[in-house]
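There is one chain below, alone, in structure tokens, taken in the form predicted alone.
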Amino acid sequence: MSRSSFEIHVTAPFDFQQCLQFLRRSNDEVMHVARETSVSKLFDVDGRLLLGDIMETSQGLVIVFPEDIISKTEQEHVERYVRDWFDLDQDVAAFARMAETDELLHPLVREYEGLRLIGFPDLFEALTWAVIGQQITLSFAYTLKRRFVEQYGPSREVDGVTYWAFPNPETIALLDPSELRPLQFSTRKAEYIIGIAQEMTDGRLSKQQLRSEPPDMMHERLLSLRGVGEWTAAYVRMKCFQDPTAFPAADAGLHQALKHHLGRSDKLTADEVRLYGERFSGWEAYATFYLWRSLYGDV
């Protein structure tokens, strides 16, 4: 059986408009096209490139494939991706209840109620994006990602718009670091990304393998990858594995948001930030994400 659309039921609280606002935060985003009421995404399902338009319904979301008829297997793949992308299986009502009693989080949850922790379901994309973003501005990170995707990723043009899927690790594993230098990647970052791609291509690293590990073992395995430190490991657990307890305590944006909302003129110490992590216990990732969101203003 095949079909050109399907629906996903979503448990409240869920605000698709809040999610779309977050997805529109950069004009250099290359992995989706977020419009006023929908987001278009190119899904790579075993090499078949499917363009899906995601829109809101009274019960959740509908994904429409304007150019394709999809199989049941392809539908299952896309649904799993969208559920992970928007963290639709998370009990965020429990986060909201915790935040209601926290003077720092309470106004953020009221302002951004229904926003889900939008992530990167693909492990290679999550790790690559995290490595790209190390020690550079967010705007330059988006520029590097766009160059990387447009150089090595598969694409499909529909109605004059080119949509992109993320490069697969098999393609990147064959590169020499010097080939990423013209895109303005540092030699180190190029080595890290290619090394990760090689581990995945060789079967030594996969999302399925990591998911089977308890959080502390997953964290240690991520740290064993060249180019992955504490921040990157926590970020990937948070954004790829939907781990609500992941806490990138050294994140500059987290520090900036805490400083702003606390009305501090001085820098927070590492110990102070760790104490906030303990205060948000069980929901560290969501607290971090909502604090990040507050930095973007009216995106």
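All figures in this text were calculated on a predicted structure; none of them were measured in a lab. One-based numbering along the sequence shown.
This protein has a second form, the form predicted in complex with the DNA, left out of what is shown; the following refers to that one.
Site residues Phe43, Trp85 and Leu291 are none of them in contact with the DNA in the predicted bound form, judged by any heavy atom within 4.5 Å. The single contact residue among Gly195, Pro107, Gly114, Gly133, judged by any heavy atom lying within 4.5 Å of the DNA in the predicted bound form, is Gly133. The contact residue chosen from Val149, Met98, Leu175, Leu138 relative to the DNA in the predicted bound form is Leu138, the criterion being a non-hydrogen atom within 4.5 angstroms. A residue is said to contact a partner when one of its heavy atoms sits within 4.5 Å of a partner heavy atom; Gly253 meets this definition for the DNA in the predicted bound form. Interface membership of Thr232, defined by any non-hydrogen atom within 4.5 Å of the DNA in the predicted bound form, is confirmed. Residue contact check for Leu225: one or more of its heavy atoms lie within 4.5 Å of the DNA in the predicted bound form. Although the partner is absent here, Ser186 sits close enough that one of its heavy atoms falls within 4.5 Å of the DNA in the predicted bound form. Proximity to the DNA in the predicted bound form, taken as heavy atoms within 4.5 Å, picks out 244-252 from the listed stretches 31-39, 44-52, 244-252, 58-66.
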